[in-house]
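Next comes just one chain, in structure tokens: the form predicted on its own.
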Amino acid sequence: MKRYALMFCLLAAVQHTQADDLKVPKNALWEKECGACHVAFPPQLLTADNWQAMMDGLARHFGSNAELEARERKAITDFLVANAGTLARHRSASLRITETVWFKREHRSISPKEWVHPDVKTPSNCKACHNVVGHTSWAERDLRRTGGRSEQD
């Protein structure tokens, strides 16, 4: 029994480390253009083919027209594809990061009530809970309190 407990703790530590070590490469154009409307999501959160499909569909980007000049679109696409996630857990048929296996696993302890909190509203609103979004840390230790409690409580 102790062996299983130790294996579980090691697995949890590895998963925690993966989230804590999510490093976001610097790219001023990506930060400016994608970050103008929402968090510039780390490229590792989707696969290269997902990013390619997303960038090819900017005219109807989740209900909005987010088209870019061809040169800018290519530069951002190249950056996203070069830094994309490579594992099946980063693939999303809907192109929604919130529907990847990785996202669901990382956020499994969040209650449905917390997702609709007025400060959060939607799972894709990363800024609502992550204090240091994007460039240095996506770790649980950097979570912001919402509704009087943190996601860690």
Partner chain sequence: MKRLTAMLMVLGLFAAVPAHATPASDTLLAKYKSEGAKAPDAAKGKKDWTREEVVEGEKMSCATCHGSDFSKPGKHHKTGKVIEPMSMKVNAERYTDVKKIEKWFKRNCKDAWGRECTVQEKADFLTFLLAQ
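In this text, all values refer to a predicted model and were calculated from it rather than measured experimentally. Numbering follows the first chain given and starts at 1.
One more form of this protein should be noted, the form predicted together with the partner chain, which is absent from this view; the next part is about it.
Participant: For Cys37, is any heavy atom within 4.5 Å of the partner chain in the model of the complex, or not?
Facilitator: Cys37 belongs to the contact set for the partner chain.
Participant: Any chance Leu68 has a heavy atom within 4.5 Å of the partner chain in the model of the complex?
Facilitator: It does: once the partner chain is placed as it appears in the model of the complex, Leu68 has a heavy atom within 4.5 Å of it.
Participant: Quick check on Phe62: any heavy atom within 4.5 Å of the partner chain in the model of the complex?
Facilitator: Close contact exists here: in the model of the complex, Phe62 approaches the partner chain to within 4.5 Å, heavy atoms only.
Participant: Answer yes if any heavy atom of Arg108 is within 4.5 Å of a heavy atom of the partner chain in the model of the complex; otherwise answer no.
Facilitator: Contact check for Arg108: no, nothing within 4.5 Å of the partner chain in the model of the complex.
Participant: Quick check for you: of 82 to 90, 118 to 126, 45 to 53, 98 to 106, which stretch puts a non-hydrogen atom within 4.5 Å of the partner chain in the model of the complex?
Facilitator: The contacting stretch here is 118 to 126.
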